[in-house]
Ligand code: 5GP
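The chain that follows stands alone, in the form predicted on its own, written as structure tokens.
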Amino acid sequence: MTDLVLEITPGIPIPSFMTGEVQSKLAYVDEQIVSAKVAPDGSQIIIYLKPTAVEDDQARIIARVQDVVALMVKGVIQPKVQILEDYQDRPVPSKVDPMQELLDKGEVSMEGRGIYTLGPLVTRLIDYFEKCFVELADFFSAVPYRFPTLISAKYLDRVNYFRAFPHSLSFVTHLREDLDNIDHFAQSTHWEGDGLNANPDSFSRIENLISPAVCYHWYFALADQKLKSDHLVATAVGTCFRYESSNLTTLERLWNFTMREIIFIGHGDYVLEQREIGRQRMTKILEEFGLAYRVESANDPFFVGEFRKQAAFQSAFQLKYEIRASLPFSGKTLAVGSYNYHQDFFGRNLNINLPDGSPIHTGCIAFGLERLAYAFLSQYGLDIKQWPAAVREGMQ
């Protein structure tokens, strides 16, 4: 059976600078949606539905799509994109998507949607990248931390994560402590093609989630404290989980991915200064990688109802800059890292104060290691002889 197709003319024209944001959010409109595409000029939306979708489903989905467009687009003002670095013209030898070759050679194997096992070549490449980031952390005398994979729902609530990013959350539960319940699960549960046939009532209430970010754990550990120092620096690597529905494609979008961060805590001027020093030092590192990229102002992927307000706030105060690596095979770019400033958001919401009694300001430098490896391989291919000398030698 083939997918059903809906062609929708948006009730409010979608500005070209918003087409990518709107398209990414349409994946969450309805479970019947397989994928969605927005025309580059925003004049048309194409929705691909599961073959099982009926006429009532289609009418509901069309209405919901129009609602999403209205919520995200009505009154939106195009942000001024600030470009801090532009090395997109850096020459690279490859213009081929490396994904199929990675699969064919067993360097990547798909375990589930958005879940991949990485082979020796990709693993060694990631190890080299991370070694460079650890050396950057050492420059800042960052102390190392190891954070858990689980994250407290209680603390995520304190920082309004459920309101800002509900669509990307992944939850942790367990079977209720009831012998009959556990026995029934053991005897009757199995895979049914798209999930387990288990009764949702078998599971406990949610206390924890799997972590969507690394730096949050450090802030949670410092909650309700008055610090003894004016500034702190830490570094950690962790597995992050962000569900992206039908947007989960290749190594560009993973359900679980690895993030290395350098985290700054202090007064606002200190955090901004460290972020800028880190960016300048990363410029030299990315040059050694031979990466074609640009650094530009950006916003986080807020949920539909929060998008306009939160994205405008981030843009106005230049709180986030992304490192966007070129993908020569598609002509697009992929965010592989970011320089972030949270102002005193975590300090206020978690009651973390500096010695003078003022709330901490925070910021971080963060890199998605799988994404960076994918972007690098998109530019240089899998033949190591084609790679920049610093990368070849650093992997030995």
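These numbers come from a predicted model, not from an experiment. Note that residue numbering follows the sequence shown and begins at 1.
As for the form predicted together with the ligand, it is not shown, yet the points below apply to it.
- A366 is the sole member of A366, V69, I45, I33 with a non-hydrogen atom within 4.5 Å of the ligand in the predicted bound form.
- For the options M259, A142, L286, V159, the one in contact with the ligand in the predicted bound form, meaning a heavy atom within 4.5 Å, is M259.
- The ligand in the predicted bound form comes within 4.5 Å of a heavy atom belonging to V336.
- Contact annotation: E244 falls within 4.5 Å of the ligand in the predicted bound form, judged by heavy atom distances.
- By the criterion of a heavy atom within 4.5 Å, H361 is excluded from the residues contacting the ligand in the predicted bound form.
- In the predicted bound form, the ligand lies within 4.5 Å of some heavy atom of R253.
- Stretch 328-336 is the answer when you ask which of 58-66, 36-44, 352-360, 328-336 has residues with heavy atoms within 4.5 Å of the ligand in the predicted bound form.
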